[in-house]
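Before any questions on how it binds or moves, here is one chain, the form predicted alone, in C-alpha cells.
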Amino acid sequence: MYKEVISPILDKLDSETWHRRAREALHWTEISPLSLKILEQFTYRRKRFTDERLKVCLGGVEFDNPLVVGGGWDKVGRAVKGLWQLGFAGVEVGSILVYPQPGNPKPRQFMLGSGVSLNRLGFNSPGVEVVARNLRTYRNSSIPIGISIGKNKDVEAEDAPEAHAIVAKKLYHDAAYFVINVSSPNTPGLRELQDKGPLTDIVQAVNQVMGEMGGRKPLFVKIAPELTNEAVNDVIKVVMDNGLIGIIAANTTVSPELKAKYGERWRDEAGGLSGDDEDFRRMTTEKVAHIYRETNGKVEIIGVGGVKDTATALGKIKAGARIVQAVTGIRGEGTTLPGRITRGLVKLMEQEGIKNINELVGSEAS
C-alpha cells in the first residue's frame, strides 16, 4: 500500500518537509514503551525481526543485523529509538558540525523518480551542542549510534582537523563509531579534503582526541563515488597507516549523465543523486568491491548507495560490506524496508545452507 498509495502522494509534496515530519513522528513514538509497540505495527509482519545468524561485529561494536540507517537521514539525533524499533540495527547521526548552519537555500531536496532523490542540503545542522542534548536520551539504550562529522562551510581547510576533533570530543560518550564525511558534494571545497594530506591531518586530530578521551573508537572515512581507484587507494593508505577501522562507500553522485536520466532540467542542477538508480548502485558497489580486493578484506567496509531490498543489500555484502546502510531507500520503500531486508537475508541463507551472514561478506568481490 505504501508504494501504490502513500508514496505517490508524498511525491507531490515538498520532500524536505515530508522528511522532517517523518523524523518528528518517529521521535514522538519514543515517549513510552506502548507508543513504540504501536510503531512496531508498521513494520514488516508487525514485529521487529531478529535472528542470531544476522549478528555482525564491526570494530568491536555489536549489531543485531547488518542494516543501519545511513548518515543524512537523522541529522539531529531525534529518532534513533524509533528507527531501531522499525528493525534497523543502528543509526548514523549527522553529519554534525561545530556551529549551527542553515544549509543551502530552499527548495533543496527533490524526488526525481520513484525512490530517486536529488539533494543539495549543504550540511544543514543545529550544531554539536543541540545534537549532544538530543543524544543524551539514548545513552542507556544500547543502540549503536554512529556519529558523522562534517565542517562548517566557513571553516578553512587548515582548520578542518580542529573542527572535526571538537565534534568527536563533544560526542565521544554517545558514539559507537565515528565517520569523517569529506565527500558531500554540497559544501564548496569539501571533497578536496579527501586528498591524502588533508585527510591524514583530520584523522590524526580525531584519533588524538579520542585517545585523550579514553581510547580510540572505530573511525571511518566516507568517500565519493566519483573517486578514481587511484584516489581510493590513497584513502586506503591513510586508513591503514593511521589505524582506522574502515571506509564507507559511498556518498551521493554529482554525475550530470545520471541526473539527466530523469529529465534534461536536472543535468546541471546542483546537488547529489541517490536512491534506486541502477547506475548509481553499481558505482557504489564497485567501490566496495575495489576496497575489499585491494585490502584483502583487512579494511572494514560499510556499503551505501541504492539499497532498497534484500537483493541490493546482498549485492553490497557480497562485494565486501559487513554493514549496509539505507537512506533514500527508506523514503522509497517505507517503514517495512528493514524487516523485508533482514527476513529476506535469513530466507536466502536457509536456502543456501549458510550459517552466518559473515560468510557472505566479500564472497563475490573478485
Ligand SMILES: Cc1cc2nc3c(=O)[nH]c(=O)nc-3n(C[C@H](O)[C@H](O)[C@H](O)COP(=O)(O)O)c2cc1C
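Remember, predicted model here, so these are calculated numbers, not experimental data. The first residue of the shown sequence is 1; numbering continues from there.
Separately, the form predicted in complex with the named molecule exists; it is not shown, and the next lines address it.
Though the named molecule is absent from this view, in the predicted bound form it lies within 4.5 Å of a heavy atom of just one residue from 202, 145, 250, 219, which is 250. Comment: the named molecule is not present in this chain, but in the predicted bound form one of 82, 246, 161, 72 has a heavy atom within 4.5 Å of it, namely 72. Contact check for 87, 344 and 358: none of the three has a heavy atom within 4.5 Å of the named molecule in the predicted bound form. Using a 4.5 angstroms threshold between heavy atoms, residue 292 stays clear of the named molecule in the predicted bound form. Among residues of the shown chain, residue 77 is not one whose heavy atoms approach the named molecule to within 4.5 Å in the predicted bound form. Taking non-hydrogen atoms only, residue 121 approaches the named molecule to within 4.5 angstroms in the predicted bound form. At the 4.5 Å threshold, heavy atoms of residue 323 stay clear of the named molecule in the predicted bound form, well away from it. Exactly one of the stretches 165-173, 270-278, 232-240, 132-140 approaches the named molecule in the predicted bound form with heavy atoms within 4.5 Å, and it is 270-278. Contacts with the named molecule in the predicted bound form, taken as any heavy atom within 4.5 Å, map within 94-123 to 94, 95, 109, 117, 119, 121, 123.
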